[in-house]
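Just the one chain here, the form predicted on its own, laid out as structure tokens.
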Amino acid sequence: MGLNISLAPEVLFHIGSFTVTNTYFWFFCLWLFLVVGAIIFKSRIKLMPGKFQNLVEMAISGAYDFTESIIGPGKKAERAFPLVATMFFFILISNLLAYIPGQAAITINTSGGIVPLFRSIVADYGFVFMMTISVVILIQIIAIATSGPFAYIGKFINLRSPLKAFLGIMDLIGEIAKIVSLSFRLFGNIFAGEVLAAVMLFLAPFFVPLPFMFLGLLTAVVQAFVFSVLTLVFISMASEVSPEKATA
């Protein structure tokens, strides 16, 4: 039996014209689990918290303090924290779920052959790309709301001098590069870890793959943290008032 590594997610079935892949199916299961879990947890919140509630509150408080240390206290942190914390939590859980033992053995017989029912969500570049696009669009909206539409456009189109025109082009390239840097960093590391673990498991299926699996677990945590922190930094940069507007 050969080793089959696919860059694209495998198709499970179709609902009308809508294609359901194994990454989308895993995403739906995770989304349903998190929503139901959040509803249950909210219904059991008490004024005198137990051990689990204490642990959750400590984690949220620490994460919020970290957010304030980057973006500053006040409304900016209050508005950015729910988005960034949700992204970190979702990416982290998505990455860790890929290491549940035995899930690769759960397969389904499709028209294209036998394919695994579950696959790491973040190993699907389409999902990572759309998440990154959403972040970049949000950053542009924040920048426009902060600086104003004319100042925002003037940042990229400035014909007062050749130098300022060149800098405007570089700023535009920098905004586009955010899509590549955010998405490729997350997708590339997770997919590479998945491929490396699969290759080592195929070549030496006992103790040799263990160090690579631990390395993959570390990468899963680090990449969720890096993506969230970079998003927070970009939001902080976009929400800074320009010197011209501050002195106006």
Partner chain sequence: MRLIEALGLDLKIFIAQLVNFSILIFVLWRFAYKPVFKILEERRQKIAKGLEDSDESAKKLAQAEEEKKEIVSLARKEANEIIEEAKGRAETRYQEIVDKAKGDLKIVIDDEKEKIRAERNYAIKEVKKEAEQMIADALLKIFPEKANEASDAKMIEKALEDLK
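Keep in mind it's a predicted model, so treat the numbers as computed, not measured. Residue numbers count along the first chain shown, from 1.
Keep in mind that the form predicted in complex with its partner chain is not shown, yet the notes after this line are about it.
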Sort through 96, 159, 169, 133 and report the residue having a heavy atom within 4.5 Å of its partner chain in the model of the complex.
133
Would residue 211 count as touching its partner chain in the model of the complex under a 4.5 Å heavy atom rule?
no
Contact between residue 149 and its partner chain in the model of the complex at 4.5 Å, heavy atoms?
no
If you check in the model of the complex, is residue 73 within 4.5 Å of its partner chain, heavy atoms only?
no
So, residue 140 and its partner chain: in the model of the complex, are they within 4.5 Å at any heavy atom pair?
no
Going by heavy atoms, what in 118-146 lies within 4.5 angstroms of its partner chain in the model of the complex?
124, 125, 126, 127, 129, 130, 131, 133, 134
